[in-house]
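Starting off, we have a lone chain in the form predicted on its own, written out as structure tokens.
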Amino acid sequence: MSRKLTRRQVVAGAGAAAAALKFPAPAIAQSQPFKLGLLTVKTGPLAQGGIQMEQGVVTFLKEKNYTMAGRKVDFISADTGGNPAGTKTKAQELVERDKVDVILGPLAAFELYAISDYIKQQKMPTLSLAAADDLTQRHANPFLLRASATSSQAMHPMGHYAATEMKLKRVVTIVEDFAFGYEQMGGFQAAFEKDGGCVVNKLWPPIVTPDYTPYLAQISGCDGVCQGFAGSNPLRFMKQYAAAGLKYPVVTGETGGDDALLKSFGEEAVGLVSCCPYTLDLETDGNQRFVNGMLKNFDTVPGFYAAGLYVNCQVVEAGLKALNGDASDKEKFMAALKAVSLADTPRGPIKFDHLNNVVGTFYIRRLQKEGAKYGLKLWNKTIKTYDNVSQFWTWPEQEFLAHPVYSRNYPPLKGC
């Protein structure tokens, strides 16, 4: 049976239709806050880096007045506790309870391995600082983007520099007994031996090791040491190394000589040579703006962890702008993030390879007293720059991927 519509109903219906045309669903979605989630570590030996991660995000958001691509940003920070189970729980809370649009973090390689399948199932765009090599290599995750480095990426140029310019021949490696450590030292060994060096021994103290004396006693028959400690552990190691009377030159990657540790290092660390995708002494507008923000907001100089998260925020903002602020389609948003190329970040220019890992500049630095700024007594001075460093170093991609992922036993010790 037909029913006559009143004039009021007709006008109301027309108004609703006009509203639907004028304000399509994406516009309504864009009026909502953009939700930015962070997985970080605030307790334990890795907390030094985890706290800087959060500071890097907050520095970016304050600079942008908590707005990205015209949308207000809600920032939710979650403490993983630095373990795989805690990371999985916190990731689930960010996705299912907090309904975040993107996840930044986590910090550790073993944390990222623990949530990789979950973020893939949820199609959750994730920009991780964690350096788990294989998740942008043989088992690439289409919803993971890395703007920092793989575990081995800084160690490849460090191995090259140690062999070709420091002229080291025989090196002992020492690092925490976990995934990040294995992959770092695998990268160092592969590149060092490619250029004629030899790793004579590999030492693996647990991540919580108050006393390195039993390991220091095993350092001999070499002309150099490569340490890859993270968080606050480099401070303890370098002090105990000097106290043991060891004089071999020490090289390290992005965490073992981190700029955020400069205020805490002492004489024992002078001469430490590191390779990092970020360096405090980079004299660009982008880095100066970032450093000034960290000093203003937290009265601290930044290192790799803070810079990495600030750069991640730059990538998120660029991807969001490319979609006019609409992140509702996760696959489109992920595609926009992968396509980002930035010229002015605190670490210099970056772009991404087809497996979603960064290609960028890496800096060899020597820790010294001269040239220090920001009230510091020690300073990482850049002594060599490697441009356009990919996760495959100088190996052809297919040749690199034909080998096993770097591990505790790969590459094997060959005997020198």
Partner chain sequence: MRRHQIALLAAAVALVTLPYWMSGVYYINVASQILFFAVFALGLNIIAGYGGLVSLGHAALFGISAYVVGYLLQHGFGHASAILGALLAGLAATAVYAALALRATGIGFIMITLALGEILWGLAYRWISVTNGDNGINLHGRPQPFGIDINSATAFYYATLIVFVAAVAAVAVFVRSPLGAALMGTRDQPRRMNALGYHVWAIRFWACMFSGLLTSVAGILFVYYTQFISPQTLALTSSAEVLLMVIAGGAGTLLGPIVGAGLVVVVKSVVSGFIERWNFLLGAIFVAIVILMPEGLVPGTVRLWRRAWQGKNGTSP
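Because the structure is predicted, anything quoted here is derived from the model rather than measured. Residue numbers count along the first chain shown, from 1.
One more form of this protein, predicted together with its partner chain, exists but is not displayed; see below.
**Q** Answer with yes or no whether residue 101 is in contact with its partner chain in the predicted bound form, where contact means some heavy atom within 4.5 Å.
**A** Output for residue 101 is no: heavy atoms all beyond 4.5 Å of its partner chain.
**Q** Using a 4.5 angstroms cut-off on non-hydrogen atoms, would residue 408 count as touching its partner chain in the predicted bound form?
**A** Residue 408 belongs to the contact set for its partner chain.
**Q** Mark residue 182 yes when one of its heavy atoms lies within 4.5 Å of a heavy atom of its partner chain in the predicted bound form, and no otherwise.
**A** Output for residue 182 is yes: heavy atoms within 4.5 Å of its partner chain.
**Q** If we define contact as a non-hydrogen atom of the residue within 4.5 angstroms of the partner, is residue 163 a contact of its partner chain in the predicted bound form?
**A** Output for residue 163 is no: heavy atoms all beyond 4.5 Å of its partner chain.
**Q** Among the candidate residues 211, 331, 117, 344, which is the single one with a non-hydrogen atom no more than 4.5 Å from its partner chain in the predicted bound form?
**A** The residue from 211, 331, 117, 344 that makes the contact is 117.
**Q** Given that its partner chain is left out here, which of 293, 224, 325, 84 has a heavy atom within 4.5 Å of it in the predicted bound form?
**A** So the residue touching its partner chain in the predicted bound form, by this definition, is 84.
**Q** Which single stretch, out of 56-64, 361-369, 346-354, 35-43, brings residue heavy atoms within 4.5 Å of its partner chain in the predicted bound form?
**A** The contacting stretch is 35-43.
**Q** Would you give me the residues of 336-370 that have any heavy atom within 4.5 Å of its partner chain in the predicted bound form, in order from first to last?
**A** Contacting residues: none.
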